[in-house]
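Coming up is one lone chain in structure tokens, specifically the form predicted alone.
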């Protein structure tokens, strides 16, 4: 078995692999999501809530106490890091197009952490008892989503979010989805909304989110500098514009009843758009990190 076969063996791809991104050498096209701007190139016209998503970076997963932790199977992971500002989001997006319709699968091995605080203890709803650690309650949420447009400008986002804590810092450990489409710069230009810095760009109103499945406690492993890698597989279907199934380690969740809201208007110049993004959002004044060891996207076309 060669190196590529060994790396692939930890995944379960569909028949055609669109991309297999390992991060030892490059970010493989995963880049910062930036809002749209006007024809003059004036970045001041970017929506306030979309101008500071921070670019993904390559990381050896190093920490103040152990030094270099390393990744699941290489030297570097793709790291998304928020600012230490409540509500701030970091986002990495991969832009593709579709050559067909049908089942699409995105897989990754990931880890998530709140930044370690040194010399002081930040407020948290979880107290240190030798096993549990305050940093558990200092991580907000991470999101995996698509941005898809086809068939005459029909646009939609499949979205899954793991909410570790709510906005009050209380542990929730829930999978969530929005019931409204993501606000777009065109919506803003048409006066439909105006969002402040650090607003939730996926669905700004907390009342527009619903939960699915049972609460799921993940392996955070006691302190903020221990990384344990989790396997995630998510299937969607572009022929029916629907969710199909989510797997997190040994937990498999049927998502066929989880709706995918469509935009009421049609969008031009986006035919066969097939984008994917990961994001991480902090709910307190502590930086939050999402580490992605590798990402595999496959289809059955």
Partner chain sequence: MRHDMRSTMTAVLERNTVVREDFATEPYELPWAQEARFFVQALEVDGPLTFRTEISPDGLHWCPLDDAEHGIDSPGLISWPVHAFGQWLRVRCTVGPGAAGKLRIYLVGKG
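Numbering follows the first chain given and starts at 1. Bear in mind the structure is a predicted one, so any value in this text is a computation, not a measurement.
As for the form predicted in complex with its partner chain, it is not shown, yet the points below apply to it.
- Of the stretches 264-272, 230-238, 245-253, 23-31, only 23-31 has residues with a heavy atom within 4.5 Å of its partner chain in the predicted bound form.
- A residue is said to contact a partner when one of its heavy atoms sits within 4.5 Å of a partner heavy atom; residue 127 fails this definition for its partner chain in the predicted bound form, lying far away.
- Although the partner is absent here, residue 84 is a contact residue: one of its heavy atoms lies within 4.5 angstroms of its partner chain in the predicted bound form.
- Although the partner is absent from this view, residue 49 stays clear of its partner chain in the predicted bound form, with no non-hydrogen atom inside 4.5 angstroms.
- Its partner chain is not shown here, and in the predicted bound form it never comes within 4.5 Å of any heavy atom of residue 154.
- In summary, among the residues 112, 209, 201, 76, the only one with a non-hydrogen atom within 4.5 Å of its partner chain in the predicted bound form is 76.
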